[in-house]
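Below you will find one chain, with nothing else, as structure tokens; this is the form predicted on its own, and questions on how it binds or moves follow later.
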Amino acid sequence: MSGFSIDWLDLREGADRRARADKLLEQARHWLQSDAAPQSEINVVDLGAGTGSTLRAFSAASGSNHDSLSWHLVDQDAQLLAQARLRHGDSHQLQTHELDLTDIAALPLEGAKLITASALFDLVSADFIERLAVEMDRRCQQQAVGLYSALNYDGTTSWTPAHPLDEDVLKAFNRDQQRDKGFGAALGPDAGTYMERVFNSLGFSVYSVSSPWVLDSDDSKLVDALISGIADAVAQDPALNAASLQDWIQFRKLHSLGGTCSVGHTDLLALPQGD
């Protein structure tokens, strides 16, 4: 899986927080508290945890009581996990696990009531989703476990003002999103719909809500970094002319303060049927 810098994760977190579907986050929190005995420990396993953005989103939710939650933060990046411990080790119950996320059998899922992830599942393969869903279904025979997956990229991006190359750049970027990111061929923009289909087929109740980034001049640093990231991703695409792409980059950066950008995402919650 491709690594992400602390600076990038911090830069995007404000937009992520605004984009998260509040209704689905509240439903996930309610699921965590349902049928929980007083003072009992509730295990949450966060995949691709980074510095702990999902933990922070749950903690910031209105009326949230994180004292009963025991977080297991899983990532392949030791530096990101060290930052998570530095930020939250004194305020939350948490353990960090530096693991290969593709090895589902090694993930600390024992006793988990909820598996969470943010901006992860568009990077993984169909096979990974299927194996994780089957493992969750198997574990539900002993203890019900749900999945909360936020900010799955859905393949849509719109800009103002418009540029003639916007559509071609988006198509090239979406092709790049389906490269192997360490899990096999990535689902990219198809992640949300594929997850919904797989979990439905196993009898989970699946809830899906749109959660787009809506960016304006207040997000100019993020927009500038996003433009650079897109440009790097599509630079080798044979369908794009290099000079035209450079013009697109310059135009986009020129309007990063005065323009707007919307990037589509989907939040998904899959719960055992009846819950």
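Residue numbers here begin at 1 and follow the sequence given. Owing to the predicted nature of the structure, the values given are computational and were not obtained by experimental measurement.
The form predicted together with a small molecule exists for this protein as well; it is not shown, and the discussion that follows is about that form.
Contact with the small molecule in the predicted bound form, defined as any heavy atom within 4.5 Å, is confined among 188 to 196, 76 to 84, 134 to 142, 170 to 178 to 76 to 84. Using a 4.5 Å cut-off to the small molecule in the predicted bound form, not one of 21, 153 and 212 places a heavy atom inside that distance.
Mapping the unseen interface onto this chain, residue 9 counts among the residues with a heavy atom inside 4.5 Å of the small molecule in the predicted bound form. Within 4.5 Å of some heavy atom of the small molecule in the predicted bound form lies at least one heavy atom of residue 49.
In the predicted bound form, the small molecule sits beyond 4.5 Å of every heavy atom of residue 112. Within this chain, residue 149 is remote from the site of the small molecule in the predicted bound form, having no heavy atom within 4.5 Å.
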